[in-house]
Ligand SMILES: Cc1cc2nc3c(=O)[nH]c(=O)nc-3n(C[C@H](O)[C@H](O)[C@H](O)COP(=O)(O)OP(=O)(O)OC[C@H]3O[C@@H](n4cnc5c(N)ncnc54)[C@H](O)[C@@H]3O)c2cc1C
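Quick setup: one chain, the form predicted on its own, written in structure tokens, and binding and motion questions come after.
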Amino acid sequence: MAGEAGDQAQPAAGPVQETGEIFDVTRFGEYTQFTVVAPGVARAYQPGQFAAVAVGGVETSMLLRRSFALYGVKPGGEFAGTIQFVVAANGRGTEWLVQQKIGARLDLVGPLGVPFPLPRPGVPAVLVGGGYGSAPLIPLAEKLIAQGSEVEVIVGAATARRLFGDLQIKRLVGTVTVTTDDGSAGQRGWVTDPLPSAIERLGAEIVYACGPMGMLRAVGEVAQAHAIPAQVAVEESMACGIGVCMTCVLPVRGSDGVSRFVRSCVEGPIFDAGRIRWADVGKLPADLYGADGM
């Protein structure tokens, strides 16, 4: 289904399940960043992939894992490999997770999903992150810069306390455009407001984005208006992370012109924004392949 629906890149290696020890816990505004010793996950990671974390402890009634984009991955070498992910406490599972301390152990499965597809070396790119959606863009920016691409980054959030990674991105790229809905940091407005001028200034040939679904749709529309592709990391709920439960399906138009439901956790989380049927997310369109049987 991946080739039909998105023609996406494929992961280089299969995921592993391992128990990782929390090495560091750091608070950033409304978020909590975890650094976890997980050499098996770190070894196969590529930018854009994620991990599914068991929550609640061994006797919990919360059976479903929580999925988090990975970044700050160090495969190992002299020391054991580590991964980083950032958590916003939005429910029972994540509220339990943010209470975990250094030395606690987490049951992880990863890396999962397909990575960001890379353009030809040297192709200029604009990266757009909303809230903690900026996290997976950091290793992507590193990889693009390493292959000779000029990169601009825009990060935004509702308020300054919901921004993430802007200082780290500034150290990496040199400059970063910051927006907040309430004007508490950077310029007041939406993260997509500076995007058209960034594309034109850089002569960008591709846009990458991660953040809320509404933001991703808007990024795709701006990219389409400039006749360039947008690769977006979607935030659909991923309960199992391995394509079994079907809770994260999206209506996506394939290269053959036929629309199908695809699983964000397996065929994604990276999709060409121009192929997602944004108006039909959460619905069952009558023209969707197999809709009559559903």
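For every residue, the number given is its place in the sequence shown, counted from 1. From a predicted model like this one, the values you see are computed outputs, not experimental measurements.
Below, we turn to the form predicted together with this ligand, even though it does not appear here.
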Task: The unique member of Ile169, Val109, Ala204, Val87 whose heavy atoms fall within 4.5 Å of this ligand in the model of the complex - done: Val87
Open item on the list: Can you work out which of Thr60, Ser255, Ser237, Thr26 has a heavy atom no more than 4.5 Å from this ligand in the model of the complex?
Closed with: Ser237
- [ ] Mark Ala44 yes when one of its heavy atoms lies within 4.5 Å of a heavy atom of this ligand in the model of the complex, and no otherwise.
- [x] no
TODO: May I ask you to state whether Gly183 is within 4.5 Å of this ligand in the model of the complex, using heavy atom distances?
DONE: no
Task: is_contact(Phe50, this ligand) in the model of the complex, heavy atom dist at most 4.5 Å - done: yes
Open item on the list: Using a 4.5 angstroms cut-off on non-hydrogen atoms, would Thr94 count as touching this ligand in the model of the complex?
Closed with: yes
Open item on the list: Arg217, Val222 and Phe271 - do all three of these have some heavy atom no more than 4.5 Å from this ligand in the model of the complex?
Closed with: no
Open item on the list: Among the candidate stretches 139-147, 152-160, 67-75, 187-195, which one is within 4.5 Å of this ligand in the model of the complex when only heavy atoms are counted?
Closed with: 67-75
Task: Stretch 114-151: residues contacting this ligand in the model of the complex, 4.5 Å heavy atom cut-off - done: Tyr132
